[in-house]
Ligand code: ATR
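This document starts with one chain, in the form predicted on its own, laid out as structure tokens.
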């Protein structure tokens, strides 16, 4: 009698668009791992119940996406240093002794930007849009790169200020509201808001992107996201979506679960499907 493959999933809302099941299926085939991975829609306020039910049914681990990364942080029994610092968890590992929480978003972004696209962060002026779980997960690795400055901008200014204070010991970071961006320019603008899911761009000044500046959207889609299009329209040298980051952070989660690193390049290429890149 064959045993059931190890069970993994991603939880979020919305979740139908998620490419994570295909990514992990490709990783499993590449590395010879026997597992099943699915996407689970969770209603607001229902994360802890859904995660506990998945674990109790024999699940081995979860990825967590919008809007539950802070719920997952609370749910975990033990946090990695980077997850503790971020106040957000995107990867849960179910172990006999309890639930371990980690955050692979930061390493995923860094590998996509610096390895896959050759971007050099040292000395750059970076603008981070949003102060939620997605932003929290990438702040520490960004600040470790000796940036000239990092500005967090958010509609609710108090959240941007609180987040900047939380990470102020790591580098030059500040928070503000969108009106305070007038007259300022940045070399890299990273969109960590969920506004793109509603097909809107945060209210940015037209001249906020420096000459030869880059744009990076943490979200992705089958077509260029609204923020990727904004970057192109405003003269970005590169305007990238977050598909590469998605694959890179998934690879780190896969390693945490299975103890093996998959190759990401072939998986990114497979997801792009040979079409012109939404991140070009």
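Residue numbers count along the first chain shown, from 1. Here the structure is a predicted model, which is why all the values come from computation and not from measurement.
Not pictured, yet referred to below: the form predicted together with this ligand.
> Scan 100, 172, 155, 82 and let me know which has any heavy atom within 4.5 Å of this ligand in the model of the complex.
Result of the distance check: 155.
> So which of 185, 149, 194, 116 gets a non-hydrogen atom within 4.5 Å of this ligand in the model of the complex?
Partner contact (heavy atom, 4.5 Å) among the options: 194.
> Tell me, please, which stretch of 132-140, 204-212, 116-124, 100-108 lies within 4.5 angstroms of this ligand in the model of the complex when heavy atoms are compared?
The contacting stretch is 132-140.
> In the model of the complex, is there a heavy atom of this ligand that lies within 4.5 Å of any heavy atom of residue 200, even though the partner is absent here?
Yes, residue 200 lies within 4.5 Å of this ligand in the model of the complex.
> So, residue 159 and this ligand: in the model of the complex, are they within 4.5 Å at any heavy atom pair?
Answer yes; at least one heavy atom of residue 159 falls within 4.5 Å of this ligand in the model of the complex.
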